[in-house]
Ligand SMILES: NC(=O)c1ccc[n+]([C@@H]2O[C@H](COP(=O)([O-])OP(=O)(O)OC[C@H]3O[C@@H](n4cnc5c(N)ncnc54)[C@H](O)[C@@H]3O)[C@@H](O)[C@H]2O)c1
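Below you will find one chain, with nothing else, as structure tokens; this is the form predicted alone, and questions on how it binds or moves follow later.
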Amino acid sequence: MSEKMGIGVIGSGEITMKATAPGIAASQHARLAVAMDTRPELAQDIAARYGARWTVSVDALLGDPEVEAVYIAVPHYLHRPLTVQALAAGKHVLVEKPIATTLADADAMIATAEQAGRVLSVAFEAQYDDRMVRLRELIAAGLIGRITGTRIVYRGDKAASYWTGGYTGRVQTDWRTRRETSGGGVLIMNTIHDLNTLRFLTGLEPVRVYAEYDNYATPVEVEDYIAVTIRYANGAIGTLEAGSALPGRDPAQPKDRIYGDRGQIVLGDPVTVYLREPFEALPAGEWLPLDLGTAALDRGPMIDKFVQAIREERQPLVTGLDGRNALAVALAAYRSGELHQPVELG
């Protein structure tokens, strides 16, 4: 066994090229061993960039003894079969968000990991971000008092080419355009990250969701605008507004917020806070930046902490259940929009 854990990537497309492969290269505890894609030119490209081997065969990658863990970044509907196959082959898995497109698929992935005794994690970033970990501690210590509400806002204007080529055009495909293969539009594509982040920071669990959504300007099956109201177990209320075809986007670049009965947090860069009462050394009555440290510039910390969990034989910072819980909220919102009535989360 090499000092650095050998990672295989299944899917050498956009997110692998832009984020995860560089993160593996930057990590202290992992190396890219094998790049796989059904399109050989993509696998060859990633392999050449990082000194790895390449293949077009999932079976070949999973049969490679140097591959101890795999990162899976493929169309969403393929997350379950490939994750289950990798876990059954004895590999640990880091799967791209969303964990799956259905709760049944997520449950199957989680159950397989437990049966195989392998680590399953989802590529959410909040739990791997030391700044968010520190902010979570401050919130739990009473920084803004009792949580009363949350707000998620995403206002984008994706080019028509996004739906068949992503942001970079690296891979031409139509899976993003269909609900069956993508799971949905802007909610599950983009703001599922935010749903995970706010759940992590606040510790609050949604119990009821009401949503309306539609497609106004995009020639695809999935939504390009959605509005969601969330009721949390503690009585707090969350709102989510997300659009992927909003002309001009939003020059103000709105940020997620957390409201409390003693203050408010804006998740910008830097994170800022307004307090009604002083907290530790922070005065009240003015907006203040929080000193939470420096943001990581790549996914190196995510990869390192994923590998450490494997080496220490413990649960990862982001579990399969974390992925399932974020997915459950998104799917409840879609169901609510179909029914035009609130949906309870079990």
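Note that residue numbering begins at 1 and tracks the sequence as displayed. Treat the numbers as computed from the prediction; the structure is a model and nothing was measured.
We do not show the form predicted in complex with this ligand, though everything after this point is about it.
Contact with this ligand, judged by heavy atoms within 4.5 Å in the predicted complex, is confined among 273 to 281, 59 to 67, 301 to 309, 31 to 39 to 31 to 39.
A heavy atom within 4.5 Å of this ligand in the predicted complex is found for exactly one of L135, A245, I110, L82: L82. This chain appears without its partner; in the predicted complex, the one residue of V207, L78, I237, L103 with a heavy atom within 4.5 Å of this ligand is L78. Contact with this ligand in the predicted complex holds for all three of V74, Y167 and M189, each having a heavy atom within 4.5 Å.
Contact annotation for G323: none of its heavy atoms lies within 4.5 Å of this ligand in the predicted complex. Although the partner is absent here, G13 sits close enough that one of its heavy atoms falls within 4.5 Å of this ligand in the predicted complex.
Shown alone here, N215 lies farther than 4.5 Å from this ligand in the predicted complex, counting heavy atoms only. Put simply, K91 is far from this ligand in the predicted complex: not one heavy atom of it is within 4.5 Å. Residues of 158 to 180 placing a heavy atom within 4.5 Å of this ligand in the predicted complex, in sequence order: Y167, V171, T173, W175, R176.
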